Ligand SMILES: C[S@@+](CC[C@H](N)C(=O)[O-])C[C@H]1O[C@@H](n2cnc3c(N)ncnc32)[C@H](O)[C@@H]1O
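Here we start with a single chain on its own, the form predicted alone, put down as structure tokens.
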């Protein structure tokens, strides 16, 4: 699979991401757990950064968010999001690396679900500084990315992989192409700019987050395996994603 910029990648496959119920692997192994980390959501003003086709934005509203500002770089994904009318969500096409239009200290919660795997270290640092700026004091920043070890633990095979270029350290800041499957066995293309644990914590510190973050390493569990053994068993015991929760 050739490398593509994020906008082109998702414009080309927006239809395969559109859903109203869990269908992707990460809808089971990541999103429910990350949404739980976002609580309390009720009455919060939320920024869903890299919202895709709005699957998580709609769940934030269902959990009681007062409003959700949702932005994605792919206009096709935003078109798909807007096709499902949901009161309280404001969708826009935009680049997470440029948030100057948003006022300082204006959000209770910023969520970035699988956004930072598309940004390099320098872009990540700048974006997290902007997130710190737009959060209210006491506001929460929750983000999820592929686990930094995952590309080096999985071969190029169903139902989730990245193709590493180099080793854990030499591959730093390098884009790894990959695929993640839906439960109906349709694959969608994903990418990951590899960053180490050290890189993520350096970005948090540089942005001004001084409190120790909550860190969750996300994986499939026995309930998943019971639901679809063929699909989930190949990932048993593998760290798939990592989620961080930081407080301003």
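Because the structure is predicted, anything quoted here is derived from the model rather than measured. Numbering follows the first chain given and starts at 1.
As for the form predicted in complex with this ligand, it is not shown, yet the points below apply to it.
Answer with one of 132, 176, 114, 161: the residue that has a non-hydrogen atom within 4.5 Å of this ligand in the predicted bound form.
Checking each option against this ligand in the predicted bound form, the one that comes within 4.5 Å is 114.
Which one of 80, 71, 150, 121 is close to this ligand in the predicted bound form, taking close to mean a heavy atom within 4.5 Å?
Contact residue from the list: 71.
Want to guess which of 94-102, 165-173, 133-141, 81-89 is within 4.5 Å of this ligand in the predicted bound form, heavy atoms only?
Heavy-atom contact with the partner occurs in 94-102.
Heavy atom to heavy atom, is residue 195 within 4.5 Å of this ligand in the predicted bound form?
Residue 195: no, not in contact with this ligand in the predicted bound form.
Might residue 51 be said to contact this ligand in the predicted bound form, defining contact as any heavy atom within 4.5 Å?
Residue 51: yes, in contact with this ligand in the predicted bound form.
Examine residue 31 and determine whether its closest non-hydrogen atom to this ligand in the predicted bound form is within 4.5 angstroms.
Yes, residue 31 lies within 4.5 Å of this ligand in the predicted bound form.
Find out whether any non-hydrogen atom of residue 56 is located within 4.5 angstroms of this ligand in the predicted bound form, and reply yes or no.
Close contact exists here: in the predicted bound form, residue 56 approaches this ligand to within 4.5 Å, heavy atoms only.
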